[in-house]
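Just the one chain here, the form predicted alone, laid out as structure tokens.
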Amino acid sequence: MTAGGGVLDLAERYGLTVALLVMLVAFSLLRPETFFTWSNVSTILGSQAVLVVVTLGLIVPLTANDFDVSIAYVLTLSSMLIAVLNGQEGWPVWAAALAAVAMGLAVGAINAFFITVFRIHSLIVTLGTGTFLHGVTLWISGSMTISGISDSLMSIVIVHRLLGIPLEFFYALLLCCLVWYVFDYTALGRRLLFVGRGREVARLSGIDTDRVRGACLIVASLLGALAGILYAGTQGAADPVSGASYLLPAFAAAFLGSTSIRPGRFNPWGATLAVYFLVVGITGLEFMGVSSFVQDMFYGGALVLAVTLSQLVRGREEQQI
């Protein structure tokens, strides 16, 4: 590798990291009394744990070249199940959380069934499933926010802290490590990448592509359910329309993350870094006095830019939507 090639490779891998550091320094200098405080840093780290888990859930099927837009609605139904079962029906919070996890696994299995058996595109199936789940959430909640979730869940999510940071951040970090290990150090991770790069070639090579894709969709829904548990523990309540707000940011972070750390591949560290890059940008602009509508503009613009950069890194391969 030439010196120029080595510099370019480093720029691709760590450009997003450098950009994040530059933003942190810039906003800290411009607003030292509000932005450059440990309280603000810990709030940013903890408050985005749910989005990190959703993004990690998205990149699993994305690596296999499948889309899961139902994950946000799995999150919403998961948090609502906990609110209804624990807050209204009096179930122990752990039992309500298990019910939410079981729901996530079931939704993932249903998605996998229709996608792999009937050969329907994942975008269509998960869009339909997500809309159905949204209806279920509105039904069981009466279209109302449900509160009364046990304090014990909130205690292990946001009340107890390590280094001043809510524990939910460390749960998301552990999940990131787990996904990274599977992606980079297991045979499953290699098969997953192979399936995503060329499904027919992988099948002819002896890989059960349907099983790999199905497993990815189940894992995505499972992580969506876990994100819902974190959301319930963060808010102490469940909002029947809360999950939809995570979908666009998660896609933006997933694609932006694929241009960093492991350029050209959806990867957990790049995705997590992208989440905080986007959030730091929005938070800094809001501290500078920019109106709150900047959030939608920032995430929407970031998604288009992220997909464009991802395509450049991949050599402008046509997206199979």
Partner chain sequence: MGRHWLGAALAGLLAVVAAGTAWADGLDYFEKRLAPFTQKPAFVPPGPAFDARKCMAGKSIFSIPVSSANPFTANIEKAMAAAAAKVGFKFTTWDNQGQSSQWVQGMNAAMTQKANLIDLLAGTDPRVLVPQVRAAQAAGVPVVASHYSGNEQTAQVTRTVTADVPIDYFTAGGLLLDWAVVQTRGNLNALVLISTGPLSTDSMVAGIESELKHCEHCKTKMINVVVPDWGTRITPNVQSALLADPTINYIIVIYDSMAQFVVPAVTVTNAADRVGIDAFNGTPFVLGLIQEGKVQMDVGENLDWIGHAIIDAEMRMLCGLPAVHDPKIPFYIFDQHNAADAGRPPQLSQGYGDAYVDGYAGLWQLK
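Rigid core here is just the name for the largest C-alpha set that superposes within 1.5 Å across the two forms. Everything numeric in this text was worked out from a predicted model, so none of it was measured. Positions refer to the first chain, counted from 1.
Missing here is the form predicted together with the partner chain; even so, the following discussion is about that form.
Exercise. Give a yes/no on whether D151 approaches the partner chain to within 4.5 Å in the model of the complex, heavy atoms considered.
Key: Yes, D151 lies within 4.5 Å of the partner chain in the model of the complex.
Quiz item: Does L217 make contact with the partner chain in the model of the complex, using a 4.5 Å heavy atom cut-off?
Solution: No, L217 sits far enough from the partner chain in the model of the complex that none of its heavy atoms falls within 4.5 Å.
Quiz item: Quick one: is F183 in contact with the partner chain in the model of the complex, heavy atoms, 4.5 Å cut-off?
Solution: Although the partner chain is absent here, F183 would stay clear of it in the model of the complex, with no heavy atoms inside 4.5 Å.
Exercise. State yes or no: in the model of the complex, is some non-hydrogen atom of V74 no more than 4.5 angstroms from a non-hydrogen atom of the partner chain?
Key: V74 lies outside the contact set for the partner chain.
Quiz item: Here the chain is shown alone; which of L175, A97, V212, I158 has a heavy atom within 4.5 Å of the partner chain in the model of the complex?
Solution: Among L175, A97, V212, I158, a heavy atom within 4.5 Å of the partner chain in the model of the complex occurs only for I158.
Exercise. Scan V101, L188, A237, I140 and let me know which has any heavy atom within 4.5 Å of the partner chain in the model of the complex.
Key: Here the answer is residue option A237.
Exercise. Run the contact test on T34, Y246 and E286 with a 4.5 Å heavy atom cut-off to the partner chain in the model of the complex and return yes or no.
Key: The answer is yes: all three residues contact the partner (heavy atom, 4.5 Å cut-off).
Quiz item: Only one of 47-55, 269-277, 63-71, 255-263 gets a heavy atom within 4.5 Å of the partner chain in the model of the complex; which is it?
Solution: Selected stretch: 47-55.
Exercise. Between 7-40 and the partner chain in the model of the complex, list the residues on our side with a heavy atom within 4.5 Å.
Key: Those in contact are T34, S39, N40.
Practice problem: Indicate whether Y14 shows a C-alpha shift of 2 Å or more between this form and the one not shown, with the rigid core used for the fit. | Solution: Moves: no, less than 2 Å.
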